[in-house]
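Before any questions on binding or motion, here is one chain by itself as structure tokens, the form predicted alone.
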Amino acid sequence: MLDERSRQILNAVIQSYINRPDPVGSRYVTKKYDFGVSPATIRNIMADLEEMGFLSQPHTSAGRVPTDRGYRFYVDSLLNDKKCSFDAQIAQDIVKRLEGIKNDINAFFAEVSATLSRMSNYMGIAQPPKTESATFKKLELIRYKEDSIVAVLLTNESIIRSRILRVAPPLTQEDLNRIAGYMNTEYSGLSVDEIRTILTNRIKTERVMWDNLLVRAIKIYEQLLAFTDNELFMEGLFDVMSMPEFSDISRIRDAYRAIKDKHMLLRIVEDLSKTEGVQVIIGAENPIEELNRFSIVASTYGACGKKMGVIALIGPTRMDYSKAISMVEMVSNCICETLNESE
């Protein structure tokens, strides 16, 4: 545990380093912050903080920089204080933009990731709602070409998924209407995941009773859901990589590859989707070693009382956590407001 003065000086060092990525010395802290003590006292406290693992000294003659442990103490204080706030007008503008594209799931979450990145200069990430956890409302199947169809899935949460699917052998529009009619009559109001389980069990236990058309209905349904598993919208990668701490290309090559790899990020997002509220992963806390020089500020979002996905900011460990937490909370609230209004 830190006493109040040690807390203040640790916060001062962290805030100074966030604003200017140079090691912070005791003389700088004395001039910038009015703690009413001498530079020597501050220097001693900073030495104690270093000994406890909250600060480190890159060079003997240099000032000090925060460690991951220091950032964690700082972030936990922010989250516990719950003083993060955001501008109501900015939130209203975001909701207005999202309202105009809420029926286009791709445009909607591309705008979410772009908004996060634009406001923060970090990398914005948005995971669209998982269809499996949504409530099935209606399926439409439209013959597109001889060997392909357009499938449109609508959920009660106003999520629309559409995809062109290949079908062989070909189906007539009458066949497609029959398949869609069956799905809409039998399964409306169930979760998409429940429907998948029911259909799989039925075809195993009642195979003799199922005609070929309904077997194909399951295959179409599986194809429609399959493409949602690896979706992740990302914006602002080069903004992050242009920051001072990433000027050494040889040191960030692996980090660049990792942060660009959606499958790696999806592993983290999947874990975050099981949590509630804002979560912050700092430096070496990242489960992927290549991301140990980054921090992630994330939050789940939802509608109709359900968690639906995750949004996040990725930046250097020197990121402005207070600002990032406020932004992620604000955008999460904007998504919820837009989707709930749709309902």
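Please read all numbers here as calculations on a predicted model, not as lab measurements. Start at 1 and count along the sequence shown; that's the residue number.
FYI, the form predicted in complex with the DNA isn't displayed, but the following is about it.
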Which of 271-279, 31-39, 314-322, 291-299 has heavy atoms within 4.5 Å of the DNA in the model of the complex? 31-39
Any non-hydrogen atom of residue 284 within 4.5 angstroms of the DNA in the model of the complex: no
Would you please decide whether residue 5 lies within 4.5 angstroms of the DNA in the model of the complex, comparing each non-hydrogen atom pair? yes
Determine whether any heavy atom of residue 62 comes within 4.5 Å of a heavy atom of the DNA in the model of the complex, and answer yes or no. yes
Is residue 56 close enough to the DNA in the model of the complex to count, meaning some heavy atom within 4.5 Å? no
